[in-house]
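To begin, one chain is listed below as structure tokens, in the form predicted alone.
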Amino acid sequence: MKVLSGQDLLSGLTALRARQPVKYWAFYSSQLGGIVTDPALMVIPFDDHIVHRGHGIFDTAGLVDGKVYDLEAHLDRFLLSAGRSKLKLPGSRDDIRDIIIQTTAVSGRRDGSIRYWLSSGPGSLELTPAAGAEPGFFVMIFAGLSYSEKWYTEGLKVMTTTYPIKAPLYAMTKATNYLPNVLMQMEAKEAGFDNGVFIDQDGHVGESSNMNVAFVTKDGAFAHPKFDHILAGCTSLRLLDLATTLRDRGLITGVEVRDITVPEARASREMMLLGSSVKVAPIIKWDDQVIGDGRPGPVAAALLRLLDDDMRSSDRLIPVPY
């Protein structure tokens, strides 16, 4: 077995990325004290607690036409997740924001996604963080997740997952431990569906793998599950505000955040996925139940237009100083 030198390691990492081409444009590491633009160098120590114990958090903001969208809402959630996870911040909120903006500027990209992580740091393989470990903060500018255009024009299909929903504390914290979410989506794809839906122990709708779900009820209300046992999606929260304009236009009768039973959800006029990457995607079938008339509905389409407009012209945009 060959013992690798530093140059061997660099060559190996470069070769790995040649076999696995990726669209990662800039990466900041507090552990390295700067930004790299070569994907082969976008690494963290194997003994960082975020790697071997899943003790870390993350969040993602959108980059649209050279502006960061809704970053303050994402930072609010990031700080809440840090507190719940007993993670020390690497600096102030302003410091974190500045690093995110500066890394975006170095990338030179005007469209994509910005993902950032916080870890408790390296130093041991124990269950608790190493004594004196410094928190690690990382920022990645990348192409973002993409979904088939057919999801929006034809709708998608979901299944009720057989995996249990996360306990509220873990569901409400945007931690890096996504094993239940991964297993749910793998199960769905293996069964011929696009995604899955968690149901809580009381028979109420939870969330999807990495997205929220929402409905247009039989009575015409835009209804969303309560956020006391699922992640408070920044996109969902924004859409709940924007949806009031649809009420004024007569497309919905109101906006509701409440417990939603499975029978009520299955009987809805429309069902949709909401998230920063998927935006608003209509669901036309849940298990063997057709939703509405089996076609993408008008409210999902209207919400997608509202969100697209908001992402390009609202007061929630921060210009990037390229």
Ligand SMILES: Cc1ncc(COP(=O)(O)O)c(C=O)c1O
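Since we're looking at a predicted model, the values are computed, not measured. Numbers for residues come from their place in the sequence shown, where the first is 1.
Keep in mind the form predicted together with the named molecule is missing from the figure; the text below concerns it.
Asks: Taking the named molecule in the model of the complex as the reference, which of 140, 197, 231, 87 has a non-hydrogen atom within 4.5 Å?
Replies: The residue in contact is 231.
Asks: Name the residue from 292, 39, 56, 275 that puts a heavy atom within 4.5 Å of the named molecule in the model of the complex.
Replies: Of the listed residues, the single hit is 275.
Asks: Verify the contact flag for residue 193: yes if a non-hydrogen atom of it lies within 4.5 Å of a non-hydrogen atom of the named molecule in the model of the complex, no if not.
Replies: Because no heavy atom of residue 193 falls inside 4.5 Å of the named molecule in the model of the complex, the answer is no.
Asks: May I ask you to check whether residue 204 falls inside a 4.5 Å heavy atom distance of the named molecule in the model of the complex?
Replies: Residue-level check for residue 204: no, no contact with the named molecule.
Asks: Going by a heavy atom distance of 4.5 Å, is residue 211 a contact of the named molecule in the model of the complex?
Replies: Within the cut-off, so yes.
Asks: Is there a heavy atom of residue 151 lying 4.5 Å or less from a heavy atom of the named molecule in the model of the complex?
Replies: Output for residue 151 is no: heavy atoms all beyond 4.5 Å of the named molecule.
Asks: Since the chain is shown here on its own, which stretch among 247-255, 74-82, 153-161, 104-112 would lie within 4.5 Å of the named molecule in the model of the complex, judged by heavy atoms?
Replies: Single hit among the candidates: 74-82.
Asks: Enumerate the residues of 153-176 that have a non-hydrogen atom within 4.5 Å of the named molecule in the model of the complex, in sequence order, or give none.
Replies: Sequence-ordered list has one entry, 174.
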